[in-house]
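In structure tokens, one chain follows: the form predicted on its own.
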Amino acid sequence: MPRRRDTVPENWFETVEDRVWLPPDDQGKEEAQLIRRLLKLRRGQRVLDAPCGAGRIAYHIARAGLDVEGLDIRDQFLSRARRRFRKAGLQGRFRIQDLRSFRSAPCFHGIYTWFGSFGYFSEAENVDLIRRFAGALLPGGRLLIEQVNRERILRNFRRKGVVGPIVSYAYWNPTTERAINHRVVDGIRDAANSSSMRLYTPRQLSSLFEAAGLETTEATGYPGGHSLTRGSRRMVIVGRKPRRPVRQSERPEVIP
């Protein structure tokens, strides 16, 4: 039976308040530059931002001349993204989508999941999502996933954090390898603002990539975009889809 502190709403990512959830819209240019560099994107290529939030990264990707598609489960985020693109005269497609039901033929040169937006689902669903992303890439295309650097977080674990009117109480479940957060917002504790995220080590995430037929090409720290170290705040793992299909017998087992 799960402990009370491990209990969060099943689809918690649909209920967390916007101000808990999203960075300001005027941020994202530097992050978009790093994403473009690591995915080796060129003007005119097609890229998927999933989940895209309110499009703060997609905006700068589109300004660089790329063909952007964004997916998110929250319609209010997509409406904000569409308004921003229209105001700037940018082309982009945004549609509501639960990523667990995402399917696409191979058509993307790059796919990215940014700002800790991977690890929301069950272990099996997370694994399946990477396989779906891999299936949507063109040969030679790349997948980028960014998360907090688990090792740094656990070495400096803080059970309580305060940012303005938001107080977070954090827990680590070593069995499920998930970070659980319960938040008090404006003095009110509401389960709707709780979250549970599976945090992966670089080796575990690379293993998931390889099991999906991707070759891990980058393990980068962020901020800075340099080599990933124990002290890096966040990690970025990039996998490339080979131009020659990988036979099933060549794919490694997923490392738990």
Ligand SMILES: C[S@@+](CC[C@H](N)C(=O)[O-])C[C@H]1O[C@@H](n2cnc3c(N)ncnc32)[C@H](O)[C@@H]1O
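Here the structure is a predicted model, which means the values were calculated and not measured. Numbers follow the displayed sequence, beginning with 1.
The form predicted in complex with the ligand is left out here; the points below concern that form.
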{"item": "Within 4.5 Å of the ligand in the predicted complex, all of Y59, F108 and G141 (non-hydrogen atom)", "value": "no"}
{"item": "Interface segment, criterion being heavy atoms within 4.5 Å of the ligand in the predicted complex, picked from 49 to 57, 204 to 212, 184 to 192, 222 to 230", "value": "49 to 57"}
{"item": "Contact flag, P9 vs the ligand in the predicted complex, heavy atom cut 4.5 Å", "value": "no"}
{"item": "Non-hydrogen atom contact R100 with the ligand in the predicted complex at 4.5 angstroms", "value": "yes"}
{"item": "4.5 Å heavy atom contact, S168 to the ligand in the predicted complex", "value": "no"}
{"item": "The ligand contact in the predicted complex: N149, any heavy atom under 4.5 Å", "value": "no"}
{"item": "The ligand in the predicted complex - contacting residues of 6 to 31, heavy atom within 4.5 Å", "value": "F13, W21, L22, P23"}
